[in-house]
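Here you get one chain, nothing else, as structure tokens; it is the form predicted on its own.
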Amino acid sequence: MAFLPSWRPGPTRDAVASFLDEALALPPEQRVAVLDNDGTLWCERPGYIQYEFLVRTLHQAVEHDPGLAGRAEYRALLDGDHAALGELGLQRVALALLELCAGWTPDEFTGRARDFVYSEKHPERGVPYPKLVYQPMQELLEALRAHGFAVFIVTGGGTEFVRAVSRDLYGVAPDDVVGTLVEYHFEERGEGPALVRTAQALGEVNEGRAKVEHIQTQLGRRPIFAAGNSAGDREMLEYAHAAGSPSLALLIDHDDGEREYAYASAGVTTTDTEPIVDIGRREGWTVVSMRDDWATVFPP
């Protein structure tokens, strides 16, 4: 099979090929790759897929308890009232959404997340969500493994949501996913001990500096390859890029409004005002143009 067949020949693909070849000289334990998920491995527009899952969960909850619709956060979500959501603030809305899954066991959450991903369709493209994984990035994951890399997902999304589908979609084991965590509560039930989700986040949202800190605390290995697409990935990309030679920081630029979406990626919790693509070019990262570097975006 040809090397990265969905990548067009050119400097970007050459940079990836050179890095992978040079990495073969390193001991296997040093070949560590970390990749963001939303906007890096699969599509994040018009909304995050996990967000759509939580909104569907809200609709289901309101069917059983119509009184929930009167709560300000839920009313704004149900109405798609972006002005009201902005006034309420991201943290308040996020905590309200967490409450919808409070009391679920890990297996229950995983089952519902998988059911959503495999049964629902993208609201604009009308295809199942697994069809929104970027074909060129699937090929890159395969190439990394073929060159002896350990591959991890480091995402700002919920850890358990990504774990529910990471093995099927990316070949990444659930315990190789680092994301935003939720607190669990241990309790005794009639059928035996159980873990249940709470409505509280455990630690910081996994963006920016937190991504690098959590790579160390949860993986204990320094990456020499990182891929991301937004300001929330900046520190992770910097960290991998500074690992020495060989190393590679790969930034996905969403500049293809015909086959995907054209937009400037920004982190949810970051305050950078300089476009991440400008930062990447200045720092010497490898910037991937979806429009120019990918012959195919989504799988057929």
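So that there is no doubt, residue numbering starts at 1 and follows the sequence shown. Values in this document were obtained by computation on a predicted structure and should not be read as measured data.
The protein also exists as the form predicted in complex with a further copy of the same chain; that form is not presented, and the subsequent description refers to it.
- Contact annotation: of the candidates 171, 174, 89, 148, the single residue with a non-hydrogen atom within 4.5 angstroms of a further copy of the same chain in the predicted complex is 174.
- Of the residues given (181, 113, 96, 137), 181 alone sits with a heavy atom within 4.5 Å of a further copy of the same chain in the predicted complex.
- Partner proximity in the predicted complex, defined as non-hydrogen atoms within 4.5 angstroms of a further copy of the same chain, places exactly one of 124-132, 138-146, 78-86, 216-224 at the interface: 216-224.
- a further copy of the same chain is not shown here, but in the predicted complex it comes within 4.5 Å of a heavy atom of residue 235.
- Contact annotation: residue 72 falls outside 4.5 Å of a further copy of the same chain in the predicted complex, judged by heavy atom distances.
- Contact annotation: residue 161 falls outside 4.5 Å of a further copy of the same chain in the predicted complex, judged by heavy atom distances.
- Put simply, residue 29 is close to a further copy of the same chain in the predicted complex: some heavy atom of it is within 4.5 Å.
- Using a 4.5 angstroms heavy atom cutoff to a further copy of the same chain in the predicted complex, all of 106, 152 and 167 count as contacting.
- Residues are counted as partner-facing when one of their heavy atoms sits within 4.5 Å of a further copy of the same chain in the predicted complex; in 184-202 these are 184, 185, 186, 188, 193, 195, 202, in sequence order.
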